[in-house]
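Next up is one chain by itself, shown in structure tokens, the form predicted on its own.
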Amino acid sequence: MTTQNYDKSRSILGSDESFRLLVDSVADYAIIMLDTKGQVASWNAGAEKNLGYRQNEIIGRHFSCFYSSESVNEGLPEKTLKLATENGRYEYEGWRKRQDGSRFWANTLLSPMLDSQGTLIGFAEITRDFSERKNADYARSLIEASLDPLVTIAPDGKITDVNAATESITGRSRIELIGTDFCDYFTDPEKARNGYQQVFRESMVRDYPLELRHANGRVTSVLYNASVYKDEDGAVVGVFAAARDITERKLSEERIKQQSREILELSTPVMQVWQGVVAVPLIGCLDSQRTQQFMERLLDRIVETNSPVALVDIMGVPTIDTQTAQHLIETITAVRLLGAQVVLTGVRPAIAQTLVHLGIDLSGITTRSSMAAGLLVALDLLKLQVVKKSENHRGD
């Protein structure tokens, strides 16, 4: 077997020792000589490194052992020999199998070898491990598939790579961006730099608000997220950063705030019910935000109408707690500072009992059970009186 395979090797390679040394010196490439049936006739150091077999373990075996069982069942090894013979060479990429069963992504060039009469005497197969490129291509595909701008940054703050989304949001090409300081593309470069330094201190940054400036001057609000990445020895070699465009979210939040303000205004109307008297019917719960707006609207209306009396009706307030009562007292105090008086109306029996139970002192505040009764108090404070019109009698 050994002599036979050696003879096959010699018939394919010839006896040129310098060529043999050259083949063995190429450690990154698996250079394999096959006979016409696909059996391994020669094996270099690169083949041992990439495929895991020693020369005495592989010589004489069919090269289909480098393929997965699925590929063998599909007849792929024989197809490659046929295509190489028909076309003069055959190059392809795909998974190859090592001796230990692990796989790697390989680039393979298969060429037929002919003697001086043009007779096929075997094949030369050159295989290179392209796993790193495959992984890089895969990672690149993932990066490009992202709709968010993604950037890799060196420790000195220089951009090392970007995806298409980054080109779009900045208005600059990948070539223009690589090698430049990433902070230069934000409206506040110093804030961006602080965020970048924070990544090194804490290993990551989450939802750091920044504004990106497009080449045409357009500004985009983003949330900056970043983390460090390391080499095989654990040393930090850079930062991987993503910027989430929150323009639409901010617009939606602003619309919601505007709608909330409009709802608050509609639910807390301040009306002038008489010359010198304004009224505000409160409906629903009073929180800090709503109380603040209610107070501002009431005070503004008192000044606008020069009204000395304000009716505050709490008939529509479902419950009163300590915080709600405090809000009311603060509002009443503010109205008094303007020189006006407050009449608190709509005080139901249940509300009255709650206020007593909470120990809220309303002794200095005029209260009435209804707005109608409160309006009579307001008119009395203005020294006005409502008189029924006498019936008109037709004379004789």
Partner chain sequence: MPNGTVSVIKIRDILLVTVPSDPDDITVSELQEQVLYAMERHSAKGLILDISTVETVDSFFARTISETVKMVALMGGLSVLSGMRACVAVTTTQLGLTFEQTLTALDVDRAMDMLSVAMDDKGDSA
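Since the structure is predicted, the reported quantities are computational estimates derived from the model, not experimental observations. Residue numbers count along the first chain shown, from 1.
Just so it is clear, the following notes concern the form predicted together with its partner chain, a form of the same protein that is not shown.
Contact annotation: its partner chain lies within 4.5 Å of heavy atoms from the stretch 305-313 in the predicted bound form, the single such stretch among 238-246, 88-96, 191-199, 305-313. Every member of the trio 292, 333 and 337 reaches its partner chain in the predicted bound form with some non-hydrogen atom inside 4.5 Å. The closest heavy atom approach of residue 207 to its partner chain in the predicted bound form falls outside 4.5 Å. Within 4.5 Å of any heavy atom of its partner chain in the predicted bound form lies no heavy atom of residue 167.
Contact check for residue 287: every heavy atom lies farther than 4.5 Å from its partner chain in the predicted bound form. Heavy atoms of residue 222 never reach within 4.5 Å of its partner chain in the predicted bound form, leaving it off the interface.
300 is the sole member of 253, 156, 231, 300 with a non-hydrogen atom lying within 4.5 angstroms of its partner chain in the predicted bound form. Distance criterion of 4.5 Å from any heavy atom to its partner chain in the predicted bound form singles out 296 from the list 296, 181, 78, 321.
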